[in-house]
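A lone chain, given as structure tokens: the form predicted on its own.
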């Protein structure tokens, strides 16, 4: 079927955006909303979106008028009798969605395709109550729909392949990138995003790191557009909790079981930006503290230790890079742990090992002065204490990094430190999704770049970081915590051993 006429049921923020997408694509759209006030708000939101596009030069006034003219308002499902495709965008409650589809059975043509924009509910369960489950499909747009290019096209075991082909083809005609997957909780994007966000909450509630350091680790350290706690506040803690509960019912395990702090904040009404407070208080929440003033406390000389005394090229390179950075900032660097006093800097990798390095260097009497520093990239350093490190030494180490032109996060001396502890389990989930055949590497990367704004997809990030390093850190986390959620999947281990990429680049 070539889809020419479309109905949109539910004209909230998301429904209005989806109606705009269809109208921009040249389709005739009937927007149905039973509540006249909600209908008026939805049409006003659509008009406002088009006005913004005109002001930005994306549309001419004439084009805006043509798009708006393709959208017809309606208050009854009976007005969708001639639609080729109907997309429901009603509240994310199974009973409501099934009721809408039951009524659409009576209102629409027998060959009309029904699509649900659910982000977490089972499309199969939604379809099961209809007279023609083979023509029900998931069509998951991302907010804001006119801007975000991803559409997850979700098929069930009953979906007619022709219906899936028609909807995927329509998404391409609309300028979107369809990722076609089977019906599984969270599909691709939410099934990867929410466990990562949940893990960040768990690290916060256990005192692993501060909220600011958790967010900074992922923006400056991993290059993501927003830190996980700030992103949770933007999505809404209640919304995130609801999706996690769906994921937990389907998959189980610690990655999906909602963190207690997430549930407590939701129960307390701290839902994020929409309520004025979540992990941060708004409108000023989520601001990264300025560290520039710390540089004045930097020591003029330090002792630099290499944890494995140059036994491998990577270690030697880390130590040399840190030594050069400190020297460039005017700091005198000594490599003899037996000489001098003051701060002892240990050049570490993502596996940590500060205390072991001090002991190996026979500088145990200076253990209170020893702090690990890992250069994550040209912007960020992880500052890592051992259990014996003094607070004074930590302050000096942070000041030292800032004087060298870096931002800092404090991380515990555990596998992955902070950036790796957040990032590698997230990338592991993506590799597992590929390994079990649910999605192709390209689809996983498309889902996260186009649907979540990642600069690079998780499979590409894994390949760039090095599969061997990812496998080593995940294995160490698995050994340290005993949680199977950290165990590297066999596909990752096999590719790492063979020196292959998960997604070979042409």
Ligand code: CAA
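Residue numbers count along the first chain shown, from 1. Nothing here was measured: the structure is a model prediction, and the numbers come from that model. Think of the rigid core as the biggest set of C-alphas that the two forms share within 1.5 Å after superposition.
Same protein, other form: the form predicted together with the named molecule, not shown, and the subject of what follows.
Checking 231, 222, 77, 86 against the named molecule in the predicted bound form, a heavy atom within 4.5 Å turns up for just one residue: 231. 452 is the sole member of 477, 461, 29, 452 with a non-hydrogen atom lying within 4.5 angstroms of the named molecule in the predicted bound form. Remark: all three candidate residues (140, 146 and 226) come within 4.5 Å of the named molecule in the predicted bound form, counting heavy atoms only. With a 4.5 Å cutoff on heavy atoms, residue 116 does not count as touching the named molecule in the predicted bound form; it lies far away.
Residue contact check for residue 49: one or more of its heavy atoms lie within 4.5 Å of the named molecule in the predicted bound form. In the predicted bound form, the named molecule stays beyond 4.5 Å of every heavy atom belonging to residue 404.
Contact check for residue 104: every heavy atom lies farther than 4.5 Å from the named molecule in the predicted bound form. Across the options 54-62, 36-44, 438-446, 462-470, residues that bring heavy atoms within 4.5 Å of the named molecule in the predicted bound form belong to 54-62. Annotation for 174-194: interface residues with the named molecule in the predicted bound form are 190, 193 [heavy atom within 4.5 Å]. Once the rigid core is overlaid between the shown form and the other one, residue 456 does not reach a Cα shift of 2 Å, moving by less than that. Residue 14: CA moves 2 Å or more between the shown form and the other one after rigid-core fitting. Taking 2 Å as the criterion, residue 440 does not count as shifted between the shown form and the other one: its C-alpha moves by less than this amount when the rigid core is aligned.
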